[in-house]
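First comes one chain, alone, set out as structure tokens in the form predicted alone.
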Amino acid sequence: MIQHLLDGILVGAILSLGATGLTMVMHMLRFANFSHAELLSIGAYVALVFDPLFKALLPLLSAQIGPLSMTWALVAAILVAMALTALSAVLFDRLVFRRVREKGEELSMVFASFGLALIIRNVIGLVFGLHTKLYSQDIVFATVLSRDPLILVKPDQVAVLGVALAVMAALHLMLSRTTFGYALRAVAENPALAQVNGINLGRMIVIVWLLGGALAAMAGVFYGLTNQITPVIGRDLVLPVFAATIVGGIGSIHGALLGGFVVGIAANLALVVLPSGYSPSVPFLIILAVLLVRPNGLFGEERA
């Protein structure tokens, strides 16, 4: 039970990063972006490409960071992945979503996101193949926290949790203590009124896509670091990420952060009573439960 709880917290940190970007996009542009989870795949594979490249160009970066399987080259690759994935998110908006937004309706945006997700997933599979990949072939042994009951934690998991919590704290401060945070909330609540007050709507949309893409890339790399890298990362995580967003309440950053942990813990605790094959259905059941009991989520507000 305790082992499943710890695993759920670690998974929840990754889901929280992915859900934060999704909830900002959904709140501002008012559509369910099913292609958001594919940004996690893009980030994971961009890091996979640049990690060996940095090791070859700068051998000093090949050194491992303490007990982690992560090297300094991978840290640099994560930063590149965040930048390129953020730019990809803006590019997808320019090529697809903005055009549909100007000519179509919200439902058309949802269909467009479905199509874009399929394209991204299949292009990744075509370029990198369908086999699973790893950032490191080195075996990192788990640390035994307790023998009765047996509790194991890998150093990589602890590092991922620590970095994710630090990013969440920085994001909270940025959104709650800066002019950008106030402007973002104003645009999300009433775009027309925000524009009247001098806020550049187009610029805010670009910034939201950049933030969402960067956070998704980090989540994708962390998922690949603690699991495996496959072209179907987006397919596997789209439902948990959406569940985290809905549980927290669409548009609520704090809700998305909490929702990620709720979904991660619930999915792992379900393994205590359910066969592992039923675990993917848990996020779907959580979505149904939240929509029935509190449709606006834990921190969401009703919108006109």
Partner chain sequence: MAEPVLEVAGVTAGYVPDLPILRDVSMRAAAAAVTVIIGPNGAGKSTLIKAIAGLVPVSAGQIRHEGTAITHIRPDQMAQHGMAYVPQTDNIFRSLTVQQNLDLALRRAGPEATARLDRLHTRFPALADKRAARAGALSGGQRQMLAVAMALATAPRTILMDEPSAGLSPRAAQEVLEMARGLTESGVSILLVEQNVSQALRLADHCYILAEGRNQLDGPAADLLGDSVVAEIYLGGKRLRVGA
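Positions refer to the first chain, counted from 1. Values in this document were obtained by computation on a predicted structure and should not be read as measured data.
The discussion below concerns the form predicted in complex with its partner chain, not included here.
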Contact segment among 69-77, 191-199, 157-165, 218-226, judged by heavy atoms lying within 4.5 Å of its partner chain in the model of the complex:
191-199
May I ask you to state whether residue 179 is within 4.5 Å of its partner chain in the model of the complex, using heavy atom distances?
yes
Contact with its partner chain in the model of the complex for residue 186, defined as at least one heavy atom pair within 4.5 Å: yes or no?
yes
